[in-house]
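Single chain ahead, written as structure tokens, the form predicted on its own.
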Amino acid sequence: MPVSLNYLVRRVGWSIATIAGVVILSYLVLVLSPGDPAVKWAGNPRGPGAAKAIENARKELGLDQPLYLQVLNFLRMAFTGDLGISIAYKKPVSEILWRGLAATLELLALAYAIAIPLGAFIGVMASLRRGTWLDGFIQSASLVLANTPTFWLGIAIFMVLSTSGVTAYGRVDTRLALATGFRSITGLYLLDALVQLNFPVFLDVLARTFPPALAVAAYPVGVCARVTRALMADALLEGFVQSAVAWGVSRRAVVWRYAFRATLAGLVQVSGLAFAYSLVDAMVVEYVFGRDGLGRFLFDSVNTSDFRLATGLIIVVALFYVLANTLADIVQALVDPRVKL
């Protein structure tokens, strides 16, 4: 077995410690930052009864307790999945997080469905033409894509589409959804539309998701292209690849069946890390395109001093990093028999 029980136990323990540290640190930063959440919870009261209303709000939010008790209570709430009621939306934080996470995951899934195959293909083409102008161009373009600010790229794409008269704002045309009887089941609109065989809504959602997905895909395309190019350049010089060439194996089989397979372990590892990093990119881009995802909720939580929702969002990001790294390690061990965990 490439994955041992000892590894899983250690990884789970490390993950729990990491999440606990993130919860404590984020709670302290948000609660001690300027702005009183109790004022927002009380509805920004004015007049003689304002002080009493704010005092009652602090008790309801638990902010009247000593700081260490606040931290312990919130830590307990975080690990039981109950983060309380959002100050901004007056709804359970877990409900809001799932709604936003579904939208963000839908955007990320489409972005990586574009980025990984495209980046890997570009990297392979560059490795097969090492030292040529095409190789230099691909490496330069990949470097630019990997380092282009995603927020700026999202704004540029949005402005180009707006100038052209193309609408890509929001997740779905509300009037179309109502007219066709579309309803959200999982929160993943593309999947829900397919399940309901509602192809007009599916195409509308796809058309609105594709532009922001292109902006999010820029970074993983650049990273995967550069990594694939480097790994393929080494793999093409390996003895087993040279032997396959000597035995007269077709060029396509040598490239894709032998050399490219040798790069999969490294490509999976890098893709997992890039996926976790791209979560933050997606949150920024979807705010530009007016999508009801984690990005919008993060902005609202900061703007309204909603420490519960903001901390929940930070926990989601931390969980993504932990899960993405763990899954990348496990998949790498399954793909490459030399890797033992």
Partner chain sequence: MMNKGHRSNLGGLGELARRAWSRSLRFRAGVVIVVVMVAVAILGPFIAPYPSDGWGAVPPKAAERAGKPPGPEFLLGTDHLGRDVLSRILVGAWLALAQSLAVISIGLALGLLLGICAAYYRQAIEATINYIAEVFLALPAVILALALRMVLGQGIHVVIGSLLLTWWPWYARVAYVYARSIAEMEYITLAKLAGVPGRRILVRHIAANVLPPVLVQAITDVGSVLLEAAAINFLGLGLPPDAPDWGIIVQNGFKYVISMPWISLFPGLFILLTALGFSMLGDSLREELDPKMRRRWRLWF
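Note that this is a predicted model, so its numbers are computed, not measured. Numbering follows the first chain given and starts at 1. Rigid core (definition): largest C-alpha set, two forms, superposition within 1.5 Å.
As for the form predicted in complex with the partner chain, it is not shown, yet the points below apply to it.
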{"query": "Residue 269: touches the partner chain in the predicted complex, heavy atom cutoff 4.5 angstroms", "finding": "yes"}
{"query": "4.5 angstroms heavy atom contact with the partner chain in the predicted complex for residue 152", "finding": "yes"}
{"query": "The partner chain contact in the predicted complex: residue 317, any heavy atom under 4.5 Å", "finding": "yes"}
{"query": "Non-hydrogen atom contact residue 12 with the partner chain in the predicted complex at 4.5 angstroms", "finding": "no"}
{"query": "In the predicted complex, segment of 114-122, 101-109, 71-79, 218-226 with a heavy atom within 4.5 Å of the partner chain", "finding": "218-226"}
{"query": "Non-hydrogen atom within 4.5 Å of the partner chain in the predicted complex for each of 17, 234 and 280", "finding": "yes"}
{"query": "Stretch 293-309 - residues with a heavy atom within 4.5 Å of the partner chain in the predicted complex", "finding": "298, 299, 301, 302, 305, 306, 307"}
{"query": "C-alpha of residue 27 moved at least 2 Å between the shown form and the other one on rigid core", "finding": "yes"}
